[in-house]
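Take a look at this one chain, the form predicted on its own, written out in structure tokens.
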């Protein structure tokens, strides 16, 4: 099945056609920069631009950085509260002129890594964490996704953990890799205490530089970098078009 996968991030919308049987991108990714937070009209224009770029008329899967309840968008983090309480499927369908499936962005990345990447064949408990503008999360047991797990928003010192340990925090505070890893260790200790995962997969752009900071991590669970890197969100967004019923829209 060929699906246009679109991954919405805190600073850009990225998309590419995907062959869902293999997880292979059928063309080079197209990226559209947006403001943070992102005005609704600007985001819809970004989706329209990606569709136009690929001259796409088929199904579209979109990974959205927020809670998705049926067709509607719930709580949203860095993208902006202006997206909340809207029918996201209707919005993106009108903007694209195509049939749209909406899913959480971190769950999309997790689905791709479990099917084609670092989690392939893993049957125990797996926690996928993406470090970027915020901290995305996806939790799996015996290969099955437990949806709506927003672990970047777990409180720490009165604020969401992602404001303490995200990759954006490292850049903003100009932390060294070892300094930032200490913060990540605090976060991972909480995740291990609550979920006891057997495997932790780290995604996001920082996973490409795992040799710089994984050596500072202290966990019981195995920790490995994601294999699909920035393609995971796009591939996973395409995969959700094959998932049945309301579960496909999160």
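Residue numbers count along the first chain shown, from 1. All values reported here derive from a predicted model rather than from experimental measurement.
The following text describes the form predicted together with a small molecule, which does not appear among the structures shown.
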Exercise. Do residue 110 and the small molecule come within 4.5 Å of each other in the predicted complex, heavy atoms counted?
Worked result: no
Exercise. Residue 67: heavy atom within 4.5 Å of the small molecule in the predicted complex?
Worked result: yes
Problem set entry | the small molecule contact at residue 153 in the predicted complex, heavy atom, 4.5 Å | yes
Problem set entry | Any non-hydrogen atom of residue 78 within 4.5 angstroms of the small molecule in the predicted complex | yes
Exercise. For the chain seen here without its partner, which of 114 to 122, 133 to 141, 172 to 180, 92 to 100 has a heavy atom within 4.5 Å of the small molecule in the predicted complex?
Worked result: 133 to 141
